[in-house]
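Only one chain is given next, in structure tokens, and it is the form predicted on its own.
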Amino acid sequence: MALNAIKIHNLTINPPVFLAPLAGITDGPFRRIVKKFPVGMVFSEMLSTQAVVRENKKTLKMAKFYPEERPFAIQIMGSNPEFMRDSAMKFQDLGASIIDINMGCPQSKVIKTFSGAALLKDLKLAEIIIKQVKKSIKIPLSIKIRLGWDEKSFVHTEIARIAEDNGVDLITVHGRTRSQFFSGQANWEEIKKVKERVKIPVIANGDIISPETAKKCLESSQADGIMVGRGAIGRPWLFDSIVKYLQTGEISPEPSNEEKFFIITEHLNNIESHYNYPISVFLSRKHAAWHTKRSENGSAIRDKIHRATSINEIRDLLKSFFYSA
């Protein structure tokens, strides 16, 4: 299946397979590992523009990215048009390749601030935010949406039209409503309606957890590319498998235990250099546990990982596990 590069202004995204923004997961160390595989673009975690305006150190650290991550998108979240504008300008100055506006996060703490998927209920405010951000930056602008608030209030084609009319360069659609959160099946056919409505590139998101689901999603949605989220947690090599399958129709073998250990070790090294103790140990435990999730007898090693007190101890546990499995 052909995967054509997406061109936006002077930016080429090839292949059009993206890493989704995932809170608490897609930080710099994880993104750097994903970029070892054929992924066209990676996204920051969702960043609160209120926190950015307050110069919150934790939030600004979440925006830090490494040269090898380019092209790199920073996703911002908020409901105050001026805060959104100022944050977009700040991240443009820091070197972001693309600014992405979150209009789809379903979490209650986000909805309470009238942000994320709450903007699907107020398209006038959504349009004001898009206009404010677009006129303030020179780099491309994208938005990420859901189908609507619930199954009775689909607005995906309408907000896609608003986005295109106001200069948005790319739109990602998660094929669920806010009320679904992550339950049920993603509706890829509805994403196709967005593709039919606009001329800008459309990226499909939701339930892409394997090479086969990636292909089915592209066929159903007719999208220009795909965005992979939860399916890549603990297995960043999924991107390699997806791209090879779409290009050749062949399923790649799972990495060997030795290869997995090498990837995980590099990930832990990234975490150790990016964070201070004890945050580095906490995050290493979390990611190491995910990396063993699909392994036989993984539950026993995860129990030990969760009790580890240093990254070296986690490395030793993983080495023993993968080289004896």
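Treat the numbers as computed from the prediction; the structure is a model and nothing was measured. Start at 1 and count along the sequence shown; that's the residue number.
There is another form of this protein, the form predicted in complex with a small molecule, and it is not shown here; the text below is about that form.
- Only one listed stretch (155 to 163, 89 to 97, 241 to 249, 223 to 231) carries heavy atoms within 4.5 Å of the small molecule in the predicted complex, and that stretch is 223 to 231.
- Between the options Ile314, Ile13, Ala20, Ile301, the residue in contact with the small molecule in the predicted complex by a heavy atom within 4.5 angstroms is Ala20.
- Interface residue among Val281, Ile264, Met46, Val42 relative to the small molecule in the predicted complex, by the heavy atom within 4.5 Å criterion: Met46.
- Taking non-hydrogen atoms only, Ser79 never approaches the small molecule to within 4.5 angstroms in the predicted complex.
- When contacts are judged by a 4.5 Å heavy atom cut-off, Ile25 counts as touching the small molecule in the predicted complex.
- With a 4.5 Å cutoff on heavy atoms, Gln75 counts as touching the small molecule in the predicted complex.
- The small molecule is not drawn, but in the predicted complex it has no heavy atom within 4.5 Å of Glu190.
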